[in-house]
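Quick setup: the structure tokens below cover two forms of a single protein chain, split into structure 1 and structure 2.
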Structure 1
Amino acid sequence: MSDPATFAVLFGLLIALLAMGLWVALSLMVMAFVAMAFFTNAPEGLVLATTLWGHSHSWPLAALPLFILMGEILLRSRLSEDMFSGLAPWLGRAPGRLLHVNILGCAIFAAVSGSSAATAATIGKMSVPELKSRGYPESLILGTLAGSATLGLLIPPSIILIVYGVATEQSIARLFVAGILPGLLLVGLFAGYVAVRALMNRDLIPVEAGDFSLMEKLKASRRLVPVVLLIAGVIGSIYTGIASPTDAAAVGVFLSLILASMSSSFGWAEFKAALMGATRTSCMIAFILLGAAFLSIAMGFTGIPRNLAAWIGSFELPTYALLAALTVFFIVLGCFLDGISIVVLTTSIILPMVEAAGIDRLWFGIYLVLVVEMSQITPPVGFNLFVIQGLTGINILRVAKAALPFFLLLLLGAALITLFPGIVTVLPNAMGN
């Protein structure tokens, strides 16, 4: 059987398994097992055992459950409740006013949770009722929330960047640092769009009463400042080389426990809930990574990725044309799968052709995450759209329409890092080795 036919059979099997509701990890393992059993002469049982054992212990991967636990702890420590009161005094006179709370609040919480869905749900619970009661337009409330929540995938410490780093053997520290400027770029694009809309139609945004002195602003932000310093300390220690991502994650968990203990709402029950939540999420991701590792090995035995890359390379597509095709491919795939599944499903097949085109793996990781962000707000299965619909009860098509400008801004962000790759690479290159 030819390689395209083999790939079509295996891909069809994977789609069928996923459609039946089988776990992603098990679907990957079944697909890999079938590939080795029917299309290679390798001992599939032995390869499965050695792959699972060899990939079940990884020092870089230890950062994953620690960062998830840090986010779970801070999630339960009234951070979201203090977000609005801490940011609002600083933004009352900016064009767009309190709509920027959605953007900056999501950016801050993204650096805590590493999850776009958790960011949308947490910030949305707090900001949507408040902004509606003050008379802000629904489309901008929903759009800023849907678009800005996607920052949870990019702004470090990002769970999906850890997954990409482990799957592709890239430095997680360099990936984290590479995500900083693109994340800030998206924050600037979102805030700039809101400001332009507000300046073009001054009656669109309600006037906020009252003015705050510097001391009043600092007092309102007193609970936000330690969290911001914690995030800056974690990322700063990685950037300067003082600590590895795993070491920084461990310190982050310890400091987040101290911050949470200062909150009267965080006790043993909340700690147990955070621990169990982090355990469930970590096990799910680790299981998917084991399945992806076995699939990568199986694909290597079949030779499909190498031959597929050579086949695509025979078309001699320019780099920009290849990236445009991959952008469409990932957006379509993201309509049906979550971000982590997309990364582990595609890396073993896509990376050989990406490297053949001379595209840097580090840059491609940030590009991939940014494109996956777009899929979180595209129907029919944009996960953030479902979260916001469940939160507000608003029809998902209205939510998708409100999110459309921010989808286009994400597309602009992907174009900018493609035209100016230094946005991604300048900070990692400054780190040295």
Structure 2
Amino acid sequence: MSDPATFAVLFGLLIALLAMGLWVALSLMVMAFVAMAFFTNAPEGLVLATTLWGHSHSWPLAALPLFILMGEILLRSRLSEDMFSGLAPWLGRAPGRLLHVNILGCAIFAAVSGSSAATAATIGKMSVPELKSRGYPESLILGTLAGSATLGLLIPPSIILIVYGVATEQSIARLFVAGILPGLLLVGLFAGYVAVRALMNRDLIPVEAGDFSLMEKLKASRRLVPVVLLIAGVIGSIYTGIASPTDAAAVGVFLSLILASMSSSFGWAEFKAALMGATRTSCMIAFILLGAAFLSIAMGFTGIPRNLAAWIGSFELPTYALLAALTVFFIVLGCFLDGISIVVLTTSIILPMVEAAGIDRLWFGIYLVLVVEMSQITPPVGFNLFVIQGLTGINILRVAKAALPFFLLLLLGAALITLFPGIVTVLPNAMGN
């Protein structure tokens, strides 16, 4: 069978399995299993076992349950409620009000965590119930969360930039530094979009109670102290060199437990509920990651992504046309592969053609992450969509619809760094050669 036909059959199978209501992780696993059994010579059972083991005990992944646990503790101790009450007086006049907490919260958390799933799960655990109870529109709550959580990949540290850096022999430190300005650019685009929506429709965003004097604002801000201490502790532990980025997740749990135990509302029962909740949520996410890893390996054996990439290369397009074609290619792949798989499966083929077109490999890494961020919020396989469905029970298609404007903003971001590559290169160039 030709590659496009194989691709169509497998994609159809995935849609059918998902539509039947088979669990996402299992749908990915079954599709990959079928792909291996019918379209490759490799022994699918053994490869499945190797993948389940090889991808389940990785050290960077150990941060995932810990960050989710931190979010659960903050939620159940009402520390997150305090954070919103403390911020409300300050953001009361900003167009979009507390929706900006979602965006900035994700951006700050992204500076600690390297994955977008952990970012969506941790911030979402706290912000979704709070914003909902305050009457914010569902589509903007979900959209800002889904969109901003993708910043976990771009703002350092970032697992995907490490994968790209290792595969292309580049300085990971420089890739991290290169991600900073594009990350801030996206924060600006997201916040700007929320503000414009709020200004266009005055009734969209609920009013936060009353006008506050400066004294009152400062008084309310006392409630921010615990959360500020927590953020400072976690980020501080990384930048003073006493904790690696993965270690920092445990520091977060430890500090949030101390802070929570000082509040009267957090006892043994809440702790048990938080722990069990975190265990199940991280199990759900880890299983989807395993399904995606198996699918990625199956695709590696079938060679479909590699061949598609080579096919694009065969046209020898000029720079901008090549980038446009690759963007479409990554968006299509992103519908059913996760970000890391896309990078891993295609860099070997794509990097030489990109360099032949005179594109800087450092710049391309950031562009790639930006485009791959979009795959986190496109159905049917989009990690942020899954995480948010897990948090809220709202179907991924509805979440995807809410995230669509943010998908377009990411596309705009990619266009901006293409037109103004300095956004990416100015900081790393300042580091010297």
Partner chain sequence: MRRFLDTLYWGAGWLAALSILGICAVVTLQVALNVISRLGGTGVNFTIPSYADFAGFALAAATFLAAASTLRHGVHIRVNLLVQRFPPRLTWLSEVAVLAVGAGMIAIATYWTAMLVGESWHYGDQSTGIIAVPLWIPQIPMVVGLGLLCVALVDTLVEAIRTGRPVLIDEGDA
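Numbering for residues begins at 1 and runs along the sequence of structure 1. Rigid core here is just the name for the largest C-alpha set that superposes within 1.5 Å across the two forms. Computed from a prediction, not measured in an experiment: that's the story for all the values here.
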Exercise for the section: Name the structure that is the form predicted in complex with the partner chain; the other one isn't. Expected result: 2
Handout entry: Large Cα shift (2 Å or above) at Phe406 between structures 1 and 2, core-fitted
Key = no
Practice task
For Leu69, state whether the C-alpha moves by 2 Å or more between structures 1 and 2 after rigid core superposition.
Solution key: yes
Exercise for the section: Kindly check if the Cα atom of Met20 is displaced 2 angstroms or more between structures 1 and 2 relative to the superposed rigid core. Expected result: yes
Exercise for the section: Once the rigid core is superposed, tell me how far the Cα of Ala232 moves between structures 1 and 2, in Å to one decimal. Expected result: 9.7
